[in-house]
Structures are given as structure tokens and as C-alpha cells.
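First, one chain by itself in C-alpha cells, the form predicted on its own.
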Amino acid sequence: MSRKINTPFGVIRIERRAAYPRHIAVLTTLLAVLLAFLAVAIILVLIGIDFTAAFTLIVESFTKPELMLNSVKQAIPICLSALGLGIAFKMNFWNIGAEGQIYVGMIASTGVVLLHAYYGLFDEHVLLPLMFLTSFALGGLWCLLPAFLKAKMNVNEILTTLMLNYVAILLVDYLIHGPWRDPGGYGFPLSIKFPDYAKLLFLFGDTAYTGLLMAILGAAAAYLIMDHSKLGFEIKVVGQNLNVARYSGIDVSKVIMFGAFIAGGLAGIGGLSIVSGIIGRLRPRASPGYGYTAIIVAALAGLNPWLIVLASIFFGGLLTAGDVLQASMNIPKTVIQMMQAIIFLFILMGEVFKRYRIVFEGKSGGDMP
């Protein structure tokens, strides 16, 4: 299937590639990253910033131990969300709502901590397991709503998942400015601090190691579900051909809702990793767009769970590098965001090039040599 675009210089035909060799795909990704950094270097020179010093700090985000650990911390919510998106995308359920599912995961985790702190409902030994369960459940339910609408009414899930992002973000704003505000926080919109036993410190006393273990376990779970379970097989069949799935006796609605629940649940645990690992409390805008970054990571990794872990750490390093650049070189935040956006854009362009072939036919309509 191809699409033709008329331009003043001739006709451009865009057609999907039948195959793309793996080694060429890897080289394409590396080339996209190199071109992205070249573009960033040019822009930094034009605005009068020493790009060699900036790139040195970026490299240190992946090499200096303390910065590397911070990169891993930033990668955890991205990784868990991307693992969930990988499952959703496999069944052609285009979940754009990982950001909202992250936020409701944060709400669930914080709610459990508040019930413990204010009312003593839970013992401290079961607090963290309950936070995991509630974050997974609420994140899954948040994604289940658009899945139900798609399965039963054929409502476009892109719109519903995207709109629910804003609902979740505003719900956090309401809670943290209102009933969940820390009474001892001098009026700042913050929840109470999480106690140490409600934080992800059970592996070497550091969130980075605990989060890395969570990422690996999440990747293993996604791999087992997709490659070694009946549900995973059905998800793949539904994603490849709905009619074939129906004729073979698969309950398509059930598969879509189960897959969406798991996807949202993983993103919900990603929200837990933010409030229980990175920040230690709930605050407004706690996610700098981890859920949206997860979409890029899932695409970059080709929905492969193990590659998602590596790609997440790379993007976590970029986020850490942005913080370091802002603090060390006093680079404005807008420039940091522009640099990150350029890198993301080039990587996405590389992914498009892997999937599609662009042919310039010329004004005569024939392929240009």
C-alpha cells in the first residue's frame, strides 16, 4: 500500500517496507542519534553555548556513577509505561494515555500512605505491597475505560486515552491543593513525606537498584505474557487481523480489555516509582512527560521488552543530562527542552524511515534513479 503526494518538483510516493534488515535498522537508529547531536551542536554554537562542554556533561550522565544511578531512576517510570504500551500496541490498541495512568498510579500509592499515616489502617510491613497492588489496579482501571468503549462501542481509543490524561493530572492538582495537602507543609501543594518503609529502598538502600530490578521483572513479565501465554497469542492475533481473531473463536472484546488493563497497570506502577522512588511524596506535575516519552521508547525498541529497558535508560540519561546542563552551565530550561525535542524528533524520523520507503517519481511519474 502506497500514498502519493504531489509537489511542485514532482510526485513523492510513500510506501510501507516489506522488510528491513536488523543490522541496517540498528545503523539507522545510530545515524539518527548522531544527526540529532549534530543538529543540537549547531544550534548551541548559534546561540553562543560551548557545545563541547555541554556534550561532556551529557556523556557523564551515562558514565559517572551518581549520575548514572539518577538516569536509571528517571528511566523506571518510562520503562514500565513503555512495557505496558508494548502490549497495547501489539493488539493495535493505540494507548496514548500512559501519562494519565502514571498519575492515577501516584494517586493510588499516596492514598494508601495517607490511610496508613492518618488512620493507621495498614501495618507498615504490608504498606509497600498494597501500594503496588493499588497502583496496578487503578492504572489498569483507568486504561480499561477507553478499552471498554472501544470494544463495545468502537470509540476511538486515541481520543479517550489522551483526554483522560488531563483528567488525571487535574485530579492530582485538586487533591494536592485540597484534602491531601500536608498540614505541616507551610501551604505548599505537597502531600506528606513518605516514610522510608513506603519507599523503594529495599535493594541496597537505593531506588535506582530497586527500580532496575522492577524494570527487569516487568520486562520478563511482558515477555512471558506475550510469548508464552494464551493471552499473549490472542493479543497478537487480534493485532494482526480482527476478522481472523473472531472467526477463530477469540473473544476480541475480552482480549482488548485484559490487554489494556495490564498495560495501564504497568504504567500505574510507573507512577508508584515516581512518588515512592524519585520524589518521596506527591506533588503537582510530578511527571515531566514520562508517559509520552514511553511512546517513543516503545517505538524505538520495536515493542521488544528487553530493548525497552535499554532504550528507557538512554532516555532517562537524556533527562538527567538536561538537569545537569541547567544546573552546571545555567542553560535556560527552554533550550534544554528544545535539545531533548530535537533528539526525540530525529529518533522518530529514523523509525519512520525504517518502516516506510520514500520514492521521488519526478514530474513524469517514473521513479527517479
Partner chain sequence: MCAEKISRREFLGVARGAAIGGIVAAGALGAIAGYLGGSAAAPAKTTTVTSTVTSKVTSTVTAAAKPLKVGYVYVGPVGDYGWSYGHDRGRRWADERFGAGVESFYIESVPEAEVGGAIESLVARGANLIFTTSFGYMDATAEYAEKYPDVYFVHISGYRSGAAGNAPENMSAAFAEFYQLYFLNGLAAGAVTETGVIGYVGAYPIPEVVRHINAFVLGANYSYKKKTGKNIKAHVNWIFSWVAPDKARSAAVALVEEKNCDVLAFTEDTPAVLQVAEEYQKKGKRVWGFSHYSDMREYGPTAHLTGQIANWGPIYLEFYKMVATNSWVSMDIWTRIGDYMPYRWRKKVGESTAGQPEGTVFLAPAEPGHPQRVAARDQEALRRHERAPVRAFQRRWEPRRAHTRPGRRGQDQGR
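On a predicted model such as this, the values are computed, not experimentally measured, just so you know. Numbering follows the first chain given and starts at 1. We call the rigid core whatever largest set of C-alpha positions still superposes within 1.5 Å between the two forms.
Below, we turn to the form predicted together with the partner chain, even though it does not appear here.
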Check your understanding: Looking in the model of the complex, is the partner chain within 4.5 angstroms of a heavy atom from every one of H116, P195 and Y197?
Key -> no
Study note, to complete from the structure: Answer key: of L303, L35, L67, A41, within 4.5 Å of the partner chain in the model of the complex (heavy atoms) is L67
Review point. Looking at P129, G205, G120, G184, which has any heavy atom no more than 4.5 Å from the partner chain in the model of the complex?
Key: G184
Practice item. Spot the stretch among 263-271, 85-93, 135-143, 71-79 with residues whose non-hydrogen atoms come within 4.5 Å of the partner chain in the model of the complex. Key: 71-79
Check your understanding: Using heavy atoms and a 4.5 Å limit, would one call T320 a contact residue for the partner chain in the model of the complex?
Key -> yes
Practice item. Please check if K150 has a heavy atom lying within 4.5 Å of any heavy atom of the partner chain in the model of the complex. Key: no
Point to revise | 4.5 Å heavy atom contact, P189 and the partner chain in the model of the complex | key: yes
Check your understanding: For T56, is any heavy atom within 4.5 Å of the partner chain in the model of the complex, or not?
Key -> no
Point to revise | Partner contacts for 278-303, taking the partner chain in the model of the complex and a 4.5 Å heavy atom cut-off | key: I278, I279, R281, R283, R285, A286, P288, Y290
**Study point:** Large Cα move at N304 between this form and the one not shown, threshold 2 Å, rigid core
**Key:** no
